[in-house]
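One chain comes next, on its own, written as structure tokens: the form predicted on its own.
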């Protein structure tokens, strides 16, 4: 029996570009008080979601027969092409305006998609998205599917004890690593401790050109518009003022070092 893996992916603004704009004082919120005016900031796949794909590919490379589907809500065709170039089996786009949906709506659509495919043994998500850093969609998704959720994984291994599919997950916790097991189906969130996600090969890029991105509508998933009404709405966002101060210590290297040590001792930083 092949392990059915679904990876959930999200398109986000490049966080490095956003940070650079903010540090340079060029990040501007529009008149609506909620959206950015910069149109030149590139969009890409959320890095944690890339690592979720990497986790799925490592399971396959460990010799486990599996199918890997990557699904995204919205118009993020480029990230699905990227996923296809990495060697996944099926990229799927759920046609909905992700900008009008909250976390509950996203989770409901993802759960409906998984259910429409007859379920999944393993659903992999990034631990959070780099744009809002909330990380609540995986938990909501698990709730809708009625399955357990295992969070902040640094590694995921497929198991088949007694013919029952499951996973062994090493979790990252403040007190050290924690190993847990769970029977399938299960939702697992992947953290950056998994390691660097792979880059697509040229052969992978060429193969991705021939791979069609499947498209699914909310109507096909049986989700009415009223069911997607946001419970949480963004009222306002703003760019915080970045304050920095730097004091230069005069003198040559030896004089500056002595002055620095004296200052640190005076402020009880060192003794």
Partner chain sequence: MSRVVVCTWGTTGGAEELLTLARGTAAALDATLGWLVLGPAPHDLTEIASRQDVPIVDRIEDEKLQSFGGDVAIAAVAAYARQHDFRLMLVPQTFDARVLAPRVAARIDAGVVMNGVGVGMEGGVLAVTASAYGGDTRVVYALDAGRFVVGIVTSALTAAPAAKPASAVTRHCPVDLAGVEERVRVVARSEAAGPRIEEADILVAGGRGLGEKANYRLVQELAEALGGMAAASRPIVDEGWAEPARQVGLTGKITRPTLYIAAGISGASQHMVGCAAAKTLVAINRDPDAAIFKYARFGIVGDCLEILPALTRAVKG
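Positions refer to the first chain, counted from 1. In this text the structure is predicted, and so the values were computed from the model without any measurement. Under this definition, the rigid core comprises the largest set of C-alpha atoms superposing within 1.5 Å between the forms.
A second form of this protein, the form predicted together with the partner chain, is not displayed here; the remarks below concern that form.
Worksheet item: Okay, which stretch from 71 to 79, 88 to 96, 168 to 176, 115 to 123 lines the partner chain in the predicted bound form, with non-hydrogen atoms inside 4.5 Å?
Response: Looking at the other structure, the answer is 168 to 176.
Practice prompt. Flag residue 134 as yes or no: does it have a non-hydrogen atom within 4.5 angstroms of any non-hydrogen atom of the partner chain in the predicted bound form?
Written response: Residue 134: yes, in contact with the partner chain in the predicted bound form.
Discussion item. Considering non-hydrogen atoms and a 4.5 Å limit, does the partner chain approach residue 231 in the predicted bound form?
Written reply: Because a heavy atom of residue 231 falls inside 4.5 Å of the partner chain in the predicted bound form, the answer is yes.
Worksheet entry | residue 36 within 4.5 Å of the partner chain in the predicted bound form, heavy atoms | Looking in the predicted bound form, residue contacts with the partner chain include residue 36, since a heavy atom lies within 4.5 Å.
Discussion item. With the partner left out here, check for me: in the predicted bound form, does some heavy atom of residue 237 sit within 4.5 Å of the partner chain?
Written reply: Close contact exists here: in the predicted bound form, residue 237 approaches the partner chain to within 4.5 Å, heavy atoms only.
Worksheet item: Which listed residue (84, 152, 197, 156) meets the criterion of a heavy atom within 4.5 Å of the partner chain in the predicted bound form?
Response: Residue within 4.5 Å of the partner: 152.
Worksheet item: Can you name the residues of 102 to 130 that have a heavy atom within 4.5 Å of the partner chain in the predicted bound form?
Response: Sequence-ordered list: 104, 127, 128, 130.
Worksheet item: After the core is overlaid between the shown form and the other one, has the C-alpha of residue 257 moved by 2 angstroms or more?
Response: The answer is yes, as the C-alpha of residue 257 shifts between the shown form and the other one by 2 Å or more after core alignment.
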